[in-house]
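What follows is one chain in structure tokens, specifically the form predicted alone.
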């Protein structure tokens, strides 16, 4: 038997605003950051669990405080009991009546739940000796379903329907695993398209993306329509007619403005428009999708929980679902979102534009391919080429594909040297370069 002896929480910030990496119409100067935690136990195996919430700078300390408020309740708990029933462990946090009042199921506290449960999944997968994607895919349909909470979802997907999806996915799962290992998982890159990049950098990076094997790139839009036209023209000329170009407005517009703006950009043969309006505006997204059809609408990175996703699917608000590994309540809630997407026949192309998001969300997409949807059709994982060197098990992306991680765990562990340098405000970088 082992117990949790401590939760170590840290505010880690990277100065990405210096090069305008991550810049868009709503977030012109992000400093990619992580409210980070490490679960320490007294086990002889020396293993620890790691998780985090992604933010973009100021306010990261608020998320750290939320994790502290939640995690402190688990110090002294039996590790084996917590890991043995991860559905019950997640629901214990989700249904905490006092902490729930701060949401419910949204905002910094809900994201803190995601960080803690993801860290526990990292520890469980490490103990199993498997990467998280493979570990989860080894669960039976009934065990997978026991991880999720179908309360508030049963009008859209029942337990029997979810079991039918999961049982159907068991057929051919071994062959799909071998195919995944041999061929990887499709990726697209946001690298060329950050709004703060000049035209020359956009053109150069777009050409490099094609040369690297990417079949789709993404550009940020929404600050100035003439700038968007010019940048899309440059990108289209750089990549040619056969490479897909998606665009992302990062919640910039009202409904009518989104329709008018995108109607002017439609000539560039766009793969999708991402986050055209407020992530809470279910009906607004539905109206945009109706009026812009057949141009697909993609959204999800800022959707707060599975209930909003359910309503967006019911209202036909999105054509592409963009889940985020660190926005909702962690692995467990994301499994319920994958089940909803499978029920409605909507492809999942996860958001991964942030520190550690590529590392963590790849496991969910690969699990989905093996154990839920059983397909890669219309699916890609976002790739942003920033900060991977700070992780103990960084992603492997080449030839426009993610290659399945092999290291045990959830790929969420940061290097101690990176934490020592970029921990805020006492890390060596921030001491030398105070804000």
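Quantities reported herein were computed from a predicted structural model and do not represent experimental measurements. Numbering follows the first chain given and starts at 1.
The following text describes the form predicted together with a further copy of the same chain, which does not appear among the structures shown.
Only one of 163, 83, 150, 215 comes within 4.5 Å of a further copy of the same chain in the predicted bound form through a heavy atom, and that residue is 150. None of 66, 381, 47, 384 but one reaches within 4.5 angstroms of a further copy of the same chain in the predicted bound form through a heavy atom, and that residue is 66. Note that among 122-130, 229-237, 107-115, 169-177, the stretch whose heavy atoms approach a further copy of the same chain to within 4.5 Å in the predicted bound form is 107-115. Residue contact check for residue 342: none of its heavy atoms lie within 4.5 Å of a further copy of the same chain in the predicted bound form. Although the partner is absent from this view, residue 30 contacts a further copy of the same chain in the predicted bound form, with a non-hydrogen atom inside 4.5 angstroms. Within this chain, residue 145 is remote from the site of a further copy of the same chain in the predicted bound form, having no heavy atom within 4.5 Å. Put simply, residue 264 is far from a further copy of the same chain in the predicted bound form: not one heavy atom of it is within 4.5 Å. Contact annotation for 46-67: residues with any non-hydrogen atom within 4.5 angstroms of a further copy of the same chain in the predicted bound form are 54, 55, 56, 57, 58, 59, 61, 62, 63, 65, 66, listed in sequence order.
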